[in-house]
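Here you get one chain, nothing else, as structure tokens; it is the form predicted on its own.
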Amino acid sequence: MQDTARAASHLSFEFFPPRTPAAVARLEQTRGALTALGPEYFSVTFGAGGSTRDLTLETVIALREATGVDSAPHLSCIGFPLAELREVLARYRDQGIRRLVALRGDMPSGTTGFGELRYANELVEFIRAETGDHFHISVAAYPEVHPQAAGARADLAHFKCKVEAGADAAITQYFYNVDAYFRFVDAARDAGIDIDIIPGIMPVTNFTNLKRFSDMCGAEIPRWMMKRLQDFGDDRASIQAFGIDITTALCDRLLAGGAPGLHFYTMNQHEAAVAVCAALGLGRSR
């Protein structure tokens, strides 16, 4: 298992901006544990309508200064005026940031208008027009189809638009069906898309949270997995041990099948990601 895992050329971890002193301390502990694995970069999420804009930048700068690891802010366009997007890009350039994760984003609560940009491909086009090749841009991909897409073909066509607009790489929504990822990659290659498509990994640590997230984003929890997690009830230790086992097996199959790396959605926690990477032998030669 370890030999196949070391074939991964990309390893990255996603955080969200902490809002309280306790959350800051937790993230500091997490970033230390994950830095030891030698990731290519960290990414930091961006709230709906830019609601965490300043916190996102502060977190990115703090991560880079404390760890020396390249850090990439997320940037979304829904409900965001072009003038403000232009300002954010200028601030990121001034801070020496060279990576971005460009997303459509969610509509802020209580608003009805999309703003001047409606889709992620338009955001990628805007970033390229404003900054040229300064940023390495990653975009989202959906192996199990975006929940708002008309269908798989339409979703793939939209993904291709983001690539043609200037995306350098893609990070997928998390999934637990390995075949869905490989079929999506095959379809993308058949469509002439040749950028790296990095699988997004959500370690299973809390069944209630996982089900809520999955219902919102359209990620399928296989029936057998759902039943096993339900059987554990409130036994958190058993859920976490089971989650590490199935996440490790998922990652091993992905890497053995040629996935170019792994991007972990950490929820600002490190224990599960560290355990999975240790089981796979990731990070030891970085």
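Owing to the predicted nature of the structure, the values given are computational and were not obtained by experimental measurement. Residue positions are given as counts along the sequence shown, with the first one as 1.
The form predicted in complex with a small molecule is left out here; the points below concern that form.
Not one of 85, 98 and 135 is positioned with any heavy atom within 4.5 Å of the small molecule in the predicted complex. Site annotation in the predicted complex: the residue of 149, 89, 178, 195 reaching within 4.5 Å of the small molecule with a heavy atom is 149. Contact annotation for residue 144: none of its heavy atoms lies within 4.5 Å of the small molecule in the predicted complex. Taking the partner from elsewhere, residue 169 is found to have every heavy atom lying beyond 4.5 Å of the small molecule in the predicted complex.
Contact annotation for residue 105: at least one heavy atom lies within 4.5 Å of the small molecule in the predicted complex. In the predicted complex, residue 71 stays away from the small molecule, with no heavy atom inside 4.5 Å. Proximity to the small molecule in the predicted complex, taken as heavy atoms within 4.5 Å, picks out 116-124 from the listed stretches 116-124, 179-187, 204-212, 89-97.
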